[in-house]
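Single chain ahead, written as structure tokens, the form predicted on its own.
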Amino acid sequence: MPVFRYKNSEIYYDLFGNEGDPALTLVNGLSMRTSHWAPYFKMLPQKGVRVLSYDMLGQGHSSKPILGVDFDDHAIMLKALHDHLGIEQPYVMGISFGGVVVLRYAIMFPDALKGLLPISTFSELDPVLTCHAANLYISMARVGFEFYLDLLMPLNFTNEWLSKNRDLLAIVKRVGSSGNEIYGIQNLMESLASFSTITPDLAKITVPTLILNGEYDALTPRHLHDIIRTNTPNSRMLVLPRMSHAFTLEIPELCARIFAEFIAQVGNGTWQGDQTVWIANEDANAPEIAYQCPGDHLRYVPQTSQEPTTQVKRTTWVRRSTRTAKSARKTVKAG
């Protein structure tokens, strides 16, 4: 089992792909572990990307529990892991809790990265997200880890995914519970209690930054990603239609393509960090991966056509009565 010893702790990691290819590090969300990225271990190397995944302290196979470790500590540990593995100028992708870690990484080590992918994340807590975090923490501490996962299910996944995987949900929760320990995750969550906004520091991020947000992400909704976009000069935002918070687990084929094309754009000098907003194509094999958002991206996902994309019946807002319509026709004839 590959382990990096950092001070008195062990950090478990997986590394796949060819040495010499550009490297992308995948940073977990709060209750994830490296195995959640299994589809990417095959797809990304096939696209010419070396992929590194690791368990933060408190997660999976890494040391736990932890006390008093904050987001800056996680960023410093990730930098130490990169140095240990000899990975220079990596790309880093972090989702949710991990998204904050990679934002801090880019702020603290602006010259150490080639590109940044913050996903389903935040640079400051709004009142709704603060309530969600408190509810999740209390449920885990008072009831247990499996109940905490129960609360996360509808926040993380779409109705379609839950319907298709109904028979697997019990197994998914059991695997999640067996791979993490309540005290490790609890200590990670406690770092949110002392979290203060990092939005003013986003201007220090100079690397190309592609921000990803699911259209139906109720946990970290659009406006939180827009704060990151508007405060990060070399950025773009990409919205994933019909997706919820954990879309990287639902649509790995499309996400792997997005990651690889972002890395290719930065590598060949065609990346444009103009703070524009884009909508991802829902077909992972479509010729164009995205189209530019034509309307107000904070209200909904605008369509390129005014025609509905689902079957709806055309009618008028106010129904005219039959008698009124007949009277109108008689009046016209009499005239």
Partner chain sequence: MSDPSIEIRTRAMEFLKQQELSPDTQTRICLFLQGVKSINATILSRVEFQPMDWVPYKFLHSQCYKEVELTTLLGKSTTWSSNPLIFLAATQLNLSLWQETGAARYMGGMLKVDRNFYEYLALSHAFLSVIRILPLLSVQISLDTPFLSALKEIEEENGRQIQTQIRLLKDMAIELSLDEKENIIESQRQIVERLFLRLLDEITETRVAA
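Predicted model only: the values in this text are computed from it and were never measured. Numbering follows the first chain given and starts at 1.
Omitted from view is the form predicted together with its partner chain, to which the following refers.
Asks: Its partner chain in the predicted complex: within 4.5 Å of a heavy atom of each of P154, T220 and L298?
Replies: No: none of P154, T220 and L298 comes within 4.5 Å of its partner chain in the predicted complex.
Asks: Of 88-96, 208-216, 137-145, 114-122, which is the one stretch near its partner chain in the predicted complex, taking non-hydrogen atoms within 4.5 angstroms as near?
Replies: Going by heavy atoms within 4.5 Å, the stretch is 137-145.
Asks: Please pick, from S177, T199, N165, T230, the one residue with any non-hydrogen atom lying within 4.5 angstroms of its partner chain in the predicted complex.
Replies: None of the others qualify; the residue that does is S177.
Asks: Verify the contact flag for Y183: yes if a non-hydrogen atom of it lies within 4.5 Å of a non-hydrogen atom of its partner chain in the predicted complex, no if not.
Replies: Contact with its partner chain, yes.
Asks: Evaluate N234 for contact with its partner chain in the predicted complex, applying a 4.5 angstroms cut-off between non-hydrogen atoms, and reply yes or no.
Replies: Result no; N234 lies far from its partner chain in the predicted complex.
Asks: Report whether the minimum heavy atom distance between E190 and its partner chain in the predicted complex is within 4.5 Å.
Replies: Flag for E190 set to yes.
Asks: Do H61 and its partner chain share at least one heavy atom pair within 4.5 Å in the predicted complex?
Replies: Within the cut-off, so yes.
Asks: Sequence order please: the residues of 1-30 with a heavy atom within 4.5 Å of its partner chain in the predicted complex.
Replies: Contacts from 1-30: E10, Y12.
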